[in-house]
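The chain below stands alone, shown as structure tokens; this is the form predicted alone.
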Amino acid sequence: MGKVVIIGCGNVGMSYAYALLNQKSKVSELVLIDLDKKKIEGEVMDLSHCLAFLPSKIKVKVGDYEDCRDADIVMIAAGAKQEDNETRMDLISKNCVILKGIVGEVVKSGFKGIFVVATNPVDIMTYVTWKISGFDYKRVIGTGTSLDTARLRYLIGQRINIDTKNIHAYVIGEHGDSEFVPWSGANVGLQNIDNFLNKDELEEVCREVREAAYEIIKRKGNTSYGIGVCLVRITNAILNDENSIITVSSYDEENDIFMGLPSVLNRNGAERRIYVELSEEETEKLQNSVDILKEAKAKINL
């Protein structure tokens, strides 16, 4: 069975915790760590009172960094909140400082598992976690464009009235404004997406995916449920040793950055990437994401 530690128990951390309890998984112990000890004491009580009616038997407790020592996964959701007028990149300096302290303490505990990072800008914060931890890059994963991919499949499914599970399309690149969809490889069942939506409709779907977080934040102040479920999907892929393909933020050796590309997840972490054949236009879009992430990486002080 598995042990998961959540560091940062705000909206994202607690949405992950709640979603994890509501699914059958190999998690047997869930530990919450946050600066606000009273709040997480209340969260642990509240979650524990659900256990009689949940599909999994999971021990939930308040913890500290020492609990990371024998954890399988440490998920980091701590960080400054993205405000209505901010992009994810605006959070770099604030969250870099926060993650430096957290990752150092986790490593000091003797942690030997896998880091999963949800803090934005997630590609840069995953890179920061990797550099500070000194871990093999396979064992440091960001949520990347997993949520964007889920949003994409939902929006396509709504438009063409097809179950999202039969839509095979990905959002890749930066988890941010330069992300894009390689439509040349997108399929519904075995048919290319062009048989269902025209160029204008595809561009509209892309725009809706890119702007989804801004629209949600404008209305409710944060995004949490979607990313919480994506974190559960990543957790299950790791603990079940699934070799599942998910668009997480994984390491690109050629460019020395982390970014969202289809990656094979198992007990070793992000074991390898799946090659994506791109058109000339899509290659330019990917390079644009690479350039933006390199420029952002140059701003961090490690």
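The shown structure was predicted, so the numbers you read here are calculated from the model rather than taken from an experiment. Residue indices: 1-based, along the sequence shown.
Beyond what is shown, the protein has a form predicted together with a small molecule; the following relates to that form.
In the model of the complex, no heavy atom of T149 sits within 4.5 Å of the small molecule. Proximity of S25 to the small molecule in the model of the complex falls outside the 4.5 Å heavy atom cutoff. Within this chain, L20 is remote from the site of the small molecule in the model of the complex, having no heavy atom within 4.5 Å. For C50, no non-hydrogen atom is located within 4.5 Å of the small molecule in the model of the complex, even though that partner is not displayed. Contact with the small molecule in the model of the complex holds for all three of N95, N222 and I227, each having a heavy atom within 4.5 Å. Here the chain stands by itself, but in the model of the complex one stretch of 50-58, 27-35, 255-263, 237-245, 27-35, has heavy atoms within 4.5 Å of the small molecule. A heavy atom within 4.5 Å of the small molecule in the model of the complex is found for one listed residue only; from A212, C206, A80, I162, this is A80. For the options L91, I167, V128, V181, the one in contact with the small molecule in the model of the complex, meaning a heavy atom within 4.5 Å, is L91.
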